[in-house]
Ligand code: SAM
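A lone chain, given as structure tokens: the form predicted on its own.
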Amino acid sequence: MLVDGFGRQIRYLRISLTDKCNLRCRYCVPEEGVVIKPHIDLLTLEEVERTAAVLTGLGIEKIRFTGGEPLVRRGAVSVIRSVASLPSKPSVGLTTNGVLLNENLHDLMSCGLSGINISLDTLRDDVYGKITGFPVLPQVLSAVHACIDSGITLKINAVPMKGINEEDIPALAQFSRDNDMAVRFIELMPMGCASAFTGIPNDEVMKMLCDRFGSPAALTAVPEDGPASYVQFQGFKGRVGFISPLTHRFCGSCDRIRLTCDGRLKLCLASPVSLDLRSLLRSGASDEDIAAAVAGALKDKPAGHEFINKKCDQNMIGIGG
């Protein structure tokens, strides 16, 4: 069992497969672009699988693959399949922008995925182009409907931003009116280039939705969904969720760590503290050595983020969502 210095049990690992992306979302990728890491610096798929095997052996129960955009990494589907097939049978999910999802959905469905999250901040073509830099909203919406038709557990993740996508908030929520799925609103975190934008607190998002749909009919408890809290509006088949790291800080129950594509095990999204797993993996360390290093590093996991007091200079694309 993995436990940090504050007694929190660590059960959730997010794995970034790549820092490359086929979109350039303005709150994730700075205007000047980013320096892509050389391929030699990325963990190989075999190193990813080995790390996942060691950590699931220590008590990690849930793994989510992220990026960049994970599906631009050659072999992404195969490593997802391998990790989902580990003896401990972890719950394995994928977060994607959806652009490449249609062509990979059949293979992903055969991997044993527990669910897919699609990042989608607007339903308007012009706004989508302004946010992401590419006019590919029809492809993403097609992938959303393909997931709905497939029956896989689906969540839409949206980041509300003042002056950009306020009017899309009710329209996005309505995906969960006719479909048994979740639409989740995530407060913008002041990381790197995202600091140039003003997020909309989830209390304001809730008010917008109540003004449109009335008071929520029911609260749905979903313990396995981490920090998200959910409501269900009258007549909705699905749920609307809120992830509120700034206004309703949930660090006290944090159970996650992150593996960056270049092999750093980050203990907190906003903290520079990390463990260089790549060097361990490539120096001949045994699985027992890696397990001991991870257990030791967790003692330095911070009590919580410091977003309220200071900004994080690193862009999200360099960490993994």
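All residue numbers refer to positions in the sequence shown, first residue = 1. Just so we're clear, the structure is a prediction, and the values are computed from it rather than from any experiment.
The same protein also has a form predicted in complex with ligand SAM, omitted here; what follows describes it.
Interface residue among 228, 84, 127, 189, judged by heavy atoms within 4.5 Å of ligand SAM in the predicted complex: 189. Proximity to ligand SAM in the predicted complex, taken as heavy atoms within 4.5 Å, picks out 27-35 from the listed stretches 275-283, 260-268, 288-296, 27-35.
Annotation: in the predicted complex, residues 67, 95 and 119 each come within 4.5 Å of ligand SAM through at least one heavy atom. When ligand SAM is considered in the predicted complex, residue 194 lines it closely, a heavy atom lying within 4.5 Å. Within this chain, residue 10 is remote from the site of ligand SAM in the predicted complex, having no heavy atom within 4.5 Å. Taking non-hydrogen atoms only, residue 316 approaches ligand SAM to within 4.5 angstroms in the predicted complex.
Looking at residue 159, you'd find a heavy atom of it within 4.5 angstroms of ligand SAM in the predicted complex. Contacts between 132-153 and ligand SAM, taken as any heavy atom within 4.5 Å in the predicted complex, involve no residue at all.
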